[in-house]
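The form predicted on its own is given below as one chain in structure tokens.
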């Protein structure tokens, strides 16, 4: 095992045992002992920031039931007030996406509590993080147009600063849209940025230098563990996603990664503790 333990980052919260991108999933990740959580920021029709991964609301919320005539239920077409009417927890109990209910790893009490869970605003998510003396990776999703993208970046940065969480200790901002991150740094250079990528980046040292960061968050299959180990020795900090199997976790732990984003922090933590 590496002498430097990677950060355990709960993907959209501990979403294997709670509905993703909710305060319930964040709370579970805190209970499990994750170092931080990762969340996805979207923008409502009235310009409010809230947590949602998809471009549509119908996978993780009961939008089809509440708004049957609003297909295809695009996020950008709903106000925050409308989104707050939705149940974004019950779907987890019905679909059991990671089969953890079936495995007996989600209590009846938790399942009952998930019914009616709302999609939180970014403010609510950051306030929860701050209150728990915790940390969060805020991913700004690709937005439908330039104006919305600018709004998402500006409002995210302003909110982090307003809450006094821009000291580089509690919040990092990530995105697949690397120009968004350049804008983050222009607005507030104290907030760390991390570049998301699904594919290998050639000459990563130079590429990262262009954005003023040493942090890159690749898909687990982009670079091999050996390549990661070599580049880590050059000072690049890798936070790898989304890693759910033990073999890959162990390989990355031995590659000196900065962090591992996982749906199963409850599996990764015991591995790091050598149990």
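Because the structure is a prediction, the values reported are computed rather than measured. Residue numbers count along the first chain shown, from 1.
Not on display, but discussed next: the form predicted together with a small molecule.
>> in the model of the complex, does each of 48, 155 and 180 have a heavy atom within 4.5 Å of the small molecule?
In response: Result no, not one residue of the spot touches the small molecule.
> With a 4.5 Å heavy atom cut-off, would you call residue 139 a contact of the small molecule in the model of the complex?
Replying inline: Result yes; residue 139 sits at the interface with the small molecule in the model of the complex.
> Taking heavy atoms and a 4.5 Å cut-off, does residue 257 contact the small molecule in the model of the complex?
Replying inline: Outside the cut-off, so no.
>> Contact with the small molecule in the model of the complex for residue 261, defined as at least one heavy atom pair within 4.5 Å: yes or no?
In response: Because a heavy atom of residue 261 falls inside 4.5 Å of the small molecule in the model of the complex, the answer is yes.
>> Would you classify residue 27 as touching the small molecule in the model of the complex, given a 4.5 Å non-hydrogen atom cut-off?
In response: The answer is no: residue 27 has no heavy atom within 4.5 Å of the small molecule.
> Which residue, 67, 215, 223, 241, has a heavy atom that falls within 4.5 Å of the small molecule in the model of the complex?
Replying inline: If I apply the 4.5 Å criterion carefully, the residue I get is 241.
> Taking the partner as it appears in the model of the complex, which of 224-232, 35-43, 245-253, 202-210 has residues with heavy atoms within 4.5 Å of the small molecule?
Replying inline: Residues of 35-43 come within 4.5 Å of the partner.
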